[in-house]
Ligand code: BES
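Encoded as structure tokens, the following chain is the form predicted on its own, with no partner shown.
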Amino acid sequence: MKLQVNAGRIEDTSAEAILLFHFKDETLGGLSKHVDEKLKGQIGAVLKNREFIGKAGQLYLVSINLEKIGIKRVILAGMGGRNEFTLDKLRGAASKGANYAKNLGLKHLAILHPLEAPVAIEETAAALTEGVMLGTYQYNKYHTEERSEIKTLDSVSIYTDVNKVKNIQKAVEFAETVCNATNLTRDLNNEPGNVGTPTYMAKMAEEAGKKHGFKVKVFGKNEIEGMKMHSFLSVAKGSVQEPKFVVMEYNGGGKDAIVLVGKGITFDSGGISIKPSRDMEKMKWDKSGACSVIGAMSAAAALKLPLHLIGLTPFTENLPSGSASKPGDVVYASNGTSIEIQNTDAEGRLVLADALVYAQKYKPKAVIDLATLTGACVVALGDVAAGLMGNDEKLIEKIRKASEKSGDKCWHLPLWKEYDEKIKSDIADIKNVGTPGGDAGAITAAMFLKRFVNYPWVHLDIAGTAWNDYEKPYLTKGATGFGVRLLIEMLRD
């Protein structure tokens, strides 16, 4: 999709439709009023007759029949009450309007930038860009029938006041880069397990590095063994697919390293502790955290952020076989910690343990890991927010603020010392699951990870937010790319 910012007269646009945002029960003002005057009051008549009142989520199509006017359609998108405005509502309105135009078979949409919104114009420009680009995303790589009938929106022109163009253009370009990285993340995560193997994912990381300008080093099984990552390898034992440990590095001039770590289980059957068959096909998305790290590295490098950024993604399948790890086995992580594997379906923390130890070599200023780690986090927070835990209050607060602005919502959970008792093992240093009843499962999983860090660290359990089972305002079904916008929002600060 091509995006551009214009300062010309929108009534002269060559677009097939104009998208106009409107607050509930308000009269037209600013550029919207100007457009209505050119259209002989046709939009105002719709508002006066209360055919459209501007409720959040409401859409209305105004067909224009005027000579010497290029505009033939105006799509009105409701924003709700002005005092209830959020950037997420704008993202949702932009998504709904853009999808409406796309489903009409239109190729070029003009959008009137909502200058009247009660926040900075750069924020609204970025939000509407995100709504359009994330909301019209489609994953149709494997559809072979009726491909000619797939509808796409090819270009979007954003119109604004002439003195606002430069600031809005900059915000749109920034948001476009982040959205491209988010949609890359979604593409990678949507790949089925037979395609998105550890080898394939490592190759995709290398291609992203070549495209955006960051270094990529891929370690195979022998090298992983040489680094004594036996916790990681214990998960890979059941699969014929070779595990890969991918190290990405972008140095934009930052003094201290910031490390991103992503769980990369390319398919998770649960291993010997096998999952129920229902919904198991979705377990291709257990690589969400790693995909988000590849996306965030791509965005940071493309934006040339002045940072030293490291991305670590351990990739493997978790399958049952004669060589797979068994419940009751004991393995050693690369820092010498002994781990009793009581449940092979608690494998994410096992691969992350060695990656978190590896991160120590960079003497990092901060480490953030992302993982679809526990069903317990879904029980606690549903599909609305990721679990946010860590050992550094300043870093936690940075993530929390970034979540409010980016729309990737997080909720802080405690890591109190009392929870540490729940992962003590009778025969090893720790066990990979908490109490038999599974209470505080998201927290005890994070307490396990905490054993492998000696630096400022935050853990994001994205099990509920990385995948949509149904349409959301600006995120379609399937992979959401959760974490890319959150991380870039934090890193740009």
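Counting begins at 1, following the sequence as shown. Owing to the predicted nature of the structure, the values given are computational and were not obtained by experimental measurement.
Not on display, but discussed next: the form predicted together with this ligand.
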item: This ligand contact in the model of the complex: Lys275, any heavy atom under 4.5 Å; value: yes
item: Touches this ligand in the model of the complex: Ala301 (any heavy atom, 4.5 Å); value: no
item: This ligand contact at Leu39 in the model of the complex, heavy atom, 4.5 Å; value: no
item: Heavy atom of Val453 within 4.5 Å of this ligand in the model of the complex; value: no
item: In the model of the complex, segment of 218-226, 370-378, 199-207, 293-301 with a heavy atom within 4.5 Å of this ligand; value: 370-378
item: Among the candidates Glu347, Glu317, Asp354, Asp408, the residue which, in the model of the complex, approaches this ligand to within 4.5 Å (heavy atoms); value: Glu347
item: Listed residue (Met447, Val62, Val433, Ala56) with a non-hydrogen atom within 4.5 angstroms of this ligand in the model of the complex; value: Val433
item: Stretch 280-307 - residues with a heavy atom within 4.5 Å of this ligand in the model of the complex; value: Met283, Asp286
